[in-house]
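One chain comes next, on its own, written as structure tokens: the form predicted on its own.
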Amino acid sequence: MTTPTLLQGQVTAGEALPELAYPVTATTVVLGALAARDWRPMHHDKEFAVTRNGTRDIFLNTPNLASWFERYITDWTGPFGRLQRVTFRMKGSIFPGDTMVFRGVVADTGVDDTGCGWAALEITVSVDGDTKTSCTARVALPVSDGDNPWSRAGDRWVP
């Protein structure tokens, strides 16, 4: 068995997650829309986005942004982190040419009655210092080297 890269006991409330900055291109936007089977033209047709939606360009869709949150969280936890809940509120659009900057902080940690370790996270995505999306998440973390939240099922997995 692979050793977990992050254990619940190594995480403390108030701890900052590493920042992730990613330059968005038209390809980033279009591939995310394609992966989600979102054929709405505002995610791949610049003329439509500008003339019909009144935006400056095509923009990230909701499932694409959700996948970026998942990546940000699991880059931090390593392969043993198991998402329980991710909730976010989009406050502005993200366009090609923008650099998304993900920042997160651990809001709370704990171990539940089944022995599963948890971390609650607060995350923002900003562009040029302007918060575009805010997110809260809860992720299961191993409590020891022999623990793997992905092996929990039934009464041992109570999200």
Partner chain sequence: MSAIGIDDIEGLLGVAQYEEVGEFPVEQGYVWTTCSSVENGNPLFWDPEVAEEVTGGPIAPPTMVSVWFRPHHWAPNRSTPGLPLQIHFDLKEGLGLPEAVMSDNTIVFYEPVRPGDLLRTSQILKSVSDEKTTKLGTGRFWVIDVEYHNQRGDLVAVESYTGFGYRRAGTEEAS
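Residue numbers count along the first chain shown, from 1. Bear in mind that the values here come from a model prediction, so they are computed numbers and not experimental data.
Separately, the form predicted together with the partner chain exists; it is not shown, and the next lines address it.
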With the partner chain left out of view, which of C116, V106, A66, V127 would have a heavy atom within 4.5 Å of it in the predicted bound form? A66
Check whether A26 has any heavy atom within 4.5 Å of a heavy atom of the partner chain in the predicted bound form, and answer yes or no. no
Contact with the partner chain in the predicted bound form for R56, defined as at least one heavy atom pair within 4.5 Å: yes or no? no
L31, heavy atom within 4.5 angstroms of the partner chain in the predicted bound form: yes
Is N148 close to the partner chain in the predicted bound form, meaning a heavy atom pair under 4.5 Å apart or at it? yes
For a quick check, can you give me the residues of 106 to 129 that have a heavy atom within 4.5 Å of the partner chain in the predicted bound form? none
